[in-house]
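Below sits a lone chain in C-alpha cells, taken as the form predicted on its own.
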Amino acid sequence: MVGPHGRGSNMAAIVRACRAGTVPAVVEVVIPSGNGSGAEELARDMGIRVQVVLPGDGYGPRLMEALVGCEYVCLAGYLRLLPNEVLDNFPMRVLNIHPGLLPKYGGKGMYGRRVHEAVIAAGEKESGCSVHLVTPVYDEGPIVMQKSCPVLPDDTPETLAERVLMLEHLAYPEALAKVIVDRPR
C-alpha cells in the first residue's frame, strides 16, 4: 500500500480481506509519506511493516527499494503521479481507488471532497467508486471495477462521501482479487 494519508480505512479493508483469504495476497508494507497519519498508525496497530518514503530527490528509486518483494501496488490516498520506475516495474499491477464513477470527475486535483462536491453540483443522480489500473496520467487507466450508489436530494459532500466510502471498502479488495486471479502467469 502506498500513500495512505487519511484514516487508512481502504488499507485496512484490503488487509482484512487478505487475512480472511478473500484476496489471495499478503500486505507486505505500507508506505506513507511521513505525515503521521491515522493510516500509518493503523498499519502499525495491524502489525504491518511501515516504511516512510518522503517525496524529493531520488523518490522513484527509494520507493522501488521499499517495494522489494511486492508483486502488486495498491494506492490509497496517493495524490501525485507515481514515478515511472514503479509503473515500469509493476506493469498492469498498480491499482488505485477513486471516489467517483470514472471517467467523470477524475484527473489532477479531483480527489476526496472535491469529487463529491462536483457530483452534487452537477446534479448527478448516481455516484460511486472506481478501482482502476494506474498509468502515467491521473485516473485514466483501465477500470477494473465500479460500484455505484444514488445521489440523494438532500446529500452533502459528507453524506455522499460516507456512502461512497462503504462501497470503496467492498470494491477495492474485490478488484485486487480479480486482478490477481485474472493475471496471466
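Remember, predicted model here, so these are calculated numbers, not experimental data. Each residue number is its position in the shown sequence, starting from 1.
In what follows, reference is made to the form predicted together with a small molecule, a form of this protein that is not presented.
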Exercise: Lys178 in contact with the small molecule in the model of the complex, heavy atom 4.5 Å: no
Touches the small molecule in the model of the complex: Arg7 (any heavy atom, 4.5 Å): yes
Residue contact check: Ile97 to the small molecule in the model of the complex, 4.5 Å heavy atom: yes
is_contact(Val73, the small molecule) in the model of the complex, heavy atom dist at most 4.5 Å: no
